[in-house]
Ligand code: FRU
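One chain is shown next in structure tokens, namely the form predicted alone.
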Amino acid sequence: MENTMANSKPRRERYRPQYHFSMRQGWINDPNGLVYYDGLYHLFCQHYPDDTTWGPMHWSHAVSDDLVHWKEQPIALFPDELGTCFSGSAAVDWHNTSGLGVDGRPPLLAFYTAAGDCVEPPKPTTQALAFSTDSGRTWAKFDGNPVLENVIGANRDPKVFWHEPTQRWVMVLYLDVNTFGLFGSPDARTWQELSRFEVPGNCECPDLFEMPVAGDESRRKWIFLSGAGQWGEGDCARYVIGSFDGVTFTAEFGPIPIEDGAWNYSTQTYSDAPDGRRIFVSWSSTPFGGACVLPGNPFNGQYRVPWELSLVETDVGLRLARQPVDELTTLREAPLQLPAGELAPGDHAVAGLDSRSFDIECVIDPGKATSIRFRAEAVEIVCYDVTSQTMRVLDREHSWPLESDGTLTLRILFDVNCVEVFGPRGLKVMSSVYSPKTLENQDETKPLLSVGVTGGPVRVDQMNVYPMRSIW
């Protein structure tokens, strides 16, 4: 089976991701302050607006009504005498426990780390509060900052949520090495320590939330999620399944990597998302925090597409299922749909498709093939080894068993310099990012996207390839 599609569209800006969000200018890393209110998803992020390398951290701000199209807002938080503005979270103060609301409208509260060791003269690292009384359009810092003095070392990255059973706010905070602290407050201003716990191998960017088991709303578990200690080597964030009684978090299983790919490190989920959705956003980092530098562009760093999480029962116990949010499909253009049939070695399915950004859904029976390979530009982005049943996504390889019926069922998102691969139900995920320097001198007449096999023919039961519209 052989199919081609001419590239009739004008070339887009060469390195701008088309549907993965990045600020227009400067450096970004951790997502911060993810909160939904009054019809808008707010996304804040670690941002240095003056250069494409890490610098004094601000909180930049963008909003979206669909998790896909984002509109940049003015910078929300600037460094001050307490320090630069490191990572944190946001939530709606529905009961106005803080007393910061006006005219009967609940304030939005943002909690962040004041990195005192990043200013002169150096100060201890503390936790601070900012608030908005106009639905998140503008932000003011609380006059009584810091709201939590230094606990130990460079303690940072507060994730704060309202705990209904105990009628108080709870903060989970990274303390040091692999230790995290839990703190409670009736008013979001005054805090006391509740307990501490350790997660070996985890550090930074903690999150803690409750989820029902899919299909059984009465069965609920708490998920703790944070970065991995070896993130500089490509380790991904990891989660722990357990229980939380309002004072103590008790681990029951884990930690488990959030995915089997690379560089999925700084993560956070949305507070107050509608319909009980648990929506996950993460930074696409690269070695030692050096976000993906793309030649000639004024920006550095981007996020994976938002994922929706669910907690499901599997053969090995409870696991998080991870899927791209449904809203992403609104970017799909008319698909190239290959007819079911055989793909033999030497054939190149979909050769010539503009691969700047696409969304593939495929079901393939490997037959006697030894490998199935997806290439974009000059790069082999995905390779499935049929013999060993392993998946390689760019520079990372991991076990990936075939489905019970012997097929390989995949969804592949590709966007200029990143790739995300999902298996059925979102129980297998691999992603990675790269700097496409190999594209610099590429012959423009070469196929931009192709799918090929080695060792023998395969049967393609389904192959839908959707070019993706730009969000810009």
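In this text, residue numbers run from 1 along the sequence as written. Just so it is clear, the structure is predicted and the values come from calculations on it, not from any experiment.
A second form of this protein, the form predicted together with ligand FRU, is not displayed here; the remarks below concern that form.
Novice: Which residue, R156, R304, R238, R356, has a heavy atom that falls within 4.5 Å of ligand FRU in the predicted complex?
Specialist: Of the candidates R156, R304, R238, R356, R156 is the one lying within 4.5 Å of ligand FRU in the predicted complex.
Novice: Name the residue from L34, L67, V419, M57 that puts a heavy atom within 4.5 Å of ligand FRU in the predicted complex.
Specialist: If I apply the 4.5 Å criterion carefully, the residue I get is M57.
Novice: Would you classify S432 as touching ligand FRU in the predicted complex, given a 4.5 Å non-hydrogen atom cut-off?
Specialist: The answer is no: S432 has no heavy atom within 4.5 Å of ligand FRU.
Novice: Within 4.5 Å, heavy atoms only: does S87 come near ligand FRU in the predicted complex?
Specialist: S87: yes, in contact with ligand FRU in the predicted complex.
Novice: Is there any non-hydrogen atom of Y265 lying within 4.5 Å of ligand FRU in the predicted complex?
Specialist: Yes.
Novice: Do D30 and ligand FRU share at least one heavy atom pair within 4.5 Å in the predicted complex?
Specialist: Looking in the predicted complex, residue contacts with ligand FRU include D30, since a heavy atom lies within 4.5 Å.
Novice: Counting only non-hydrogen atoms, choose the one of 308-316, 176-184, 328-336, 201-209 that falls within 4.5 Å of ligand FRU in the predicted complex.
Specialist: That would be stretch 201-209.
Novice: Go through 164-179 residue by residue and record those having a heavy atom within 4.5 Å of ligand FRU in the predicted complex; state none if no residue qualifies.
Specialist: Nothing in this stretch is in contact.
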